[in-house]
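Okay, so we've got a single protein chain in two different forms coming up as structure tokens, structure 1 first and structure 2 after it.
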Structure 1
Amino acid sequence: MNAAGSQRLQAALWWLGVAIAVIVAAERVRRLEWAAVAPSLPFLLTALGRSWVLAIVSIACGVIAAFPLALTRLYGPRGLRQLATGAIEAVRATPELMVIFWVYFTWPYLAGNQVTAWNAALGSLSVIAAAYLAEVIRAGISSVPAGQVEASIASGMSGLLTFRYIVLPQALRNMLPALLAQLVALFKTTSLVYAIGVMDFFRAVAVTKNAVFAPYALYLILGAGYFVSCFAIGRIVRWFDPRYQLLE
């Protein structure tokens, strides 16, 4: 067999396998307990929307906090720099679930009042996002070659102008894929706020599962909800990431 033929055979085998898998799966999926699940669908979809809101809001808050953190870590005065580095690394080394508990338990001490689960969820996801995004931003800024800063300063631009017009535009472009990757990671992390009682997509499915006996149908919906959300974000990441395109 020649080279091109082997490629065609393998592609044919692959699609044959996919077709068989789809047919078998479709047959099985059709026989799941859809009638029992149908009434809960609006509830589940609302919860999926809530997970998206959690992810997007906390990313937004995270970005706002991450910039000063990253800049302090890069350019801050000695003491502050260590402090920022320590905070970022501590959060990154702590399980996401622990961060969620932590915010939930600490808030009353700091604010003096109880905290709703929803606010604790937003707070903790924002803290997580801030730490990871600060690292993304720092990496993005560091990725701009020092020679360009030197060239810019040498041409008479001030440090601030150099940062604004030379460093930042390139850094933003370089950090975009990592930023989107964090959105995927954060979207998956939202499932953990289940543990403090927020009615996110994951808890909604868990609750429904207790009410109606349809475990496979529900977990299929659960998996599909997360998979489609993350896969979509992941595709966008690849679209933006020139390194990924080179790898293909």
Structure 2
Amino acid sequence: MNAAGSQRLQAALWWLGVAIAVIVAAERVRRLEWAAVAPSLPFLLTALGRSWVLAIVSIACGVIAAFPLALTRLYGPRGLRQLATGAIEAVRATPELMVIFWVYFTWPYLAGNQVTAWNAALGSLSVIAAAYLAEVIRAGISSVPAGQVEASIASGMSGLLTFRYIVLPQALRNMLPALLAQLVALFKTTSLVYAIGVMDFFRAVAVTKNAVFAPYALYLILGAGYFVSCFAIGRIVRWFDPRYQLLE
């Protein structure tokens, strides 16, 4: 048998093995406790929607806070630049769960009033989003060649117009892959707010598992829910910029 025939045989055996594995896995999945889980699906879908709300609001707040943080770290005076750098690095160097705990338990002590678990979750996730997205934005702005900025200013454009029409469009394009990765990571980080009592998707699955002992079916639903949600984030990014490809 020549080399081409051997490669075709190996490919056929590979696909045969994949097909057998898929059939076996599908049969095992079919036998899971779906009848016991079915009544809880509306509850789980509601919790998944709550995770989406957490992610969207915290990402929006994080972007709003990330831009001034990134600009301060790049162009601010020395004192403010060091302060912004310290805040960003402190959050990035701290486990996300610890940030959630700090906001939930420290805010009542500092402000003198109680904070709900939902507001603590939104606040802590927004802080996490701001710190990570600030670095993405800073890297995107820094990736624009300095020669283009100098040429723009030399042609008579002001610094603000240069930033708006020359730097920002290129920076947004350059930061898109890293931005997508951070958005996906932030959505998965919402699963940590179960620790302070928020009924997100992760906690809803855990509560359902305690009520209905069907761990394999529920964990399969949990994984599918996060996979579909993170995949949807990537499709949304592609909708805004069709030229973006995951393999680029």
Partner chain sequence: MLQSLDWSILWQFRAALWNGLLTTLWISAVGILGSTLAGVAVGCLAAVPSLLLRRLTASYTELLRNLPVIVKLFFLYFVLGVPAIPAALLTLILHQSAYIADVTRAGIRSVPRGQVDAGLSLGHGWWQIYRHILLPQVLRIVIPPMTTQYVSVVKNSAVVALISVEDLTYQTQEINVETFRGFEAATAATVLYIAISAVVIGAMTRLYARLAGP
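Please note that residue numbering is based on structure 1, beginning with 1 at the start of its sequence. The term rigid core refers to the most C-alpha atoms you can superpose between the two forms while keeping them within 1.5 Å. All of these numbers come straight from a predicted model, not from anything done at the bench.
Problem - Panel number for the form predicted on its own - result: Structure 2 is the one predicted on its own.
Exercise for the section: Indicate whether V24 shows a C-alpha shift of 2 Å or more between structure 1 and structure 2, with the rigid core used for the fit. Expected result: Superposed on the core, V24 moves its C-alpha less than 2 Å between structure 1 and structure 2.
Problem - After superposing on the core, C-alpha shift for A11 between structure 1 and structure 2 in angstrom - result: So the C-alpha of A11 has moved 4.3 Å between structure 1 and structure 2.
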